[in-house]
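What follows is one chain in structure tokens, specifically the form predicted on its own.
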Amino acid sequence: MQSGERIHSMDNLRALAMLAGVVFHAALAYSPLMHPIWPAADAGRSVVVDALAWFLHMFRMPLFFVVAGYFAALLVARRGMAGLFRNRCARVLLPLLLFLPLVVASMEWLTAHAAATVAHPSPALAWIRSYIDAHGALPSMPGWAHLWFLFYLLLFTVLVWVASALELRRIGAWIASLPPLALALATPVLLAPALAGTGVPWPAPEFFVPSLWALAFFGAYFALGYQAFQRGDLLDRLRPLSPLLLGGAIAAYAALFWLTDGFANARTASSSQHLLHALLEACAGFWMILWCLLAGRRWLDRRSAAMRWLADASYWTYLVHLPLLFAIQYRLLDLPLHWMAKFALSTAVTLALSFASYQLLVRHTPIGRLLNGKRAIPQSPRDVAKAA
């Protein structure tokens, strides 16, 4: 691999994982599981949404952390530990400090406005309305909102330095050197205790104080990505298991969904049942992530102008999508449309507004350089001919 060469499969997987977040968050408004607590929850809902959206939830963000770990190892190899810290301060810390206040303020204003104006509020929005009537202000809900992943990326950057100083990489290297089938079977067993420390399905760790289960769970996936870069043969050795990984992930999730009655009785499960649910979660997520990595190498590891544009736009899209989504879905609450039409409309309009604002306001501005770095200037045909 030459210095500066892009890893197309990982770039594209990262973009798809972030864009899948838009679909997942849009689906929550029509999820029976989230109906009591999601402010934009619609009266129309279906168990089909829960079956599909929570399957996406099992591997979407963990896959993002695998890719983040892979690129962290790449940065260390190219620029050293100091280069990794400089990059994370510029691409993660600064955007978090700039966008978190804007995201939180806009979502609070949208929710307060919806609480005052929506004729058919969700249960959560109706509760917020009564709270505002009693206290004159929104309830205080401090946290990282949907930008929590940036906070954890910063923590994992520090842990990379700690692991390097303490020579802990040998543990990850030993696990990565296991035979493929042993690796696929043993890793979910190691992940299950972390998931057993929280609810099923696992919640977003949005609070300012880091959660131990999230550090262990997402940290393991970050370490997996780190090892995938350092051991270039890791995915090659797993490739023969690809069909089994996909089938096993779907089977494990189907068993989890059936045993918990669509997650409806997950909170009342006994300790042994909860541990079994956590193990099934770990199996479904880990095996699906391995399959995504293998599929990415097979189908996404090529230069594509459209995918490159999506990869660049995905960071901005993820930062701004939730306020846009809430603004749209709050207005849809009073419209007599089928939930599928509202789901499709809110997802499509959110993506369209995010992409348009990226192209018009971000891509060629300092904000674009802040999020994605300096873009390479496309070579002219004459330059290519000279290089040849």
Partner chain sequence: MNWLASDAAMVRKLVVKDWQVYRKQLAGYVAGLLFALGLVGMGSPLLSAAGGLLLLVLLIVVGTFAIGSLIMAERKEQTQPFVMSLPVTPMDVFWGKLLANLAIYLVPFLLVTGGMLALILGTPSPDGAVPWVLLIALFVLVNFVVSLCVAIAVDSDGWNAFAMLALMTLIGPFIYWVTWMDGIREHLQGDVIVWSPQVLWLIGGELAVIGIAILAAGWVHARKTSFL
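The structure displayed is predicted, hence computed values, not measured ones. Residue numbers count along the first chain shown, from 1.
Keep in mind that the form predicted together with the partner chain is missing from the display, and what follows is about it.
Mapping the unseen interface onto this chain, F208 counts among the residues with a heavy atom inside 4.5 Å of the partner chain in the predicted bound form. Remark: P142 counts among the residues lining the partner chain in the predicted bound form, judged by a heavy atom distance of 4.5 Å or less.
Using a 4.5 angstroms limit between non-hydrogen atoms, S106 is distant from the partner chain in the predicted bound form. The partner chain is not drawn, but in the predicted bound form it has a heavy atom within 4.5 Å of G197. Though the partner chain is absent from this view, in the predicted bound form it lies within 4.5 Å of a heavy atom of just one residue from A182, V162, A305, A137, which is V162. This chain is drawn without the partner chain; in the predicted bound form, the residue among L241, L215, A269, A124 with a heavy atom within 4.5 Å of it is L215. Heavy atoms within 4.5 Å of the partner chain in the predicted bound form map, among the stretches 276-284, 154-162, 261-269, 98-106, onto 154-162 alone.
Although the partner chain is not shown here, in the predicted bound form the stretch 6-30 places no heavy atom of any residue within 4.5 Å of it.
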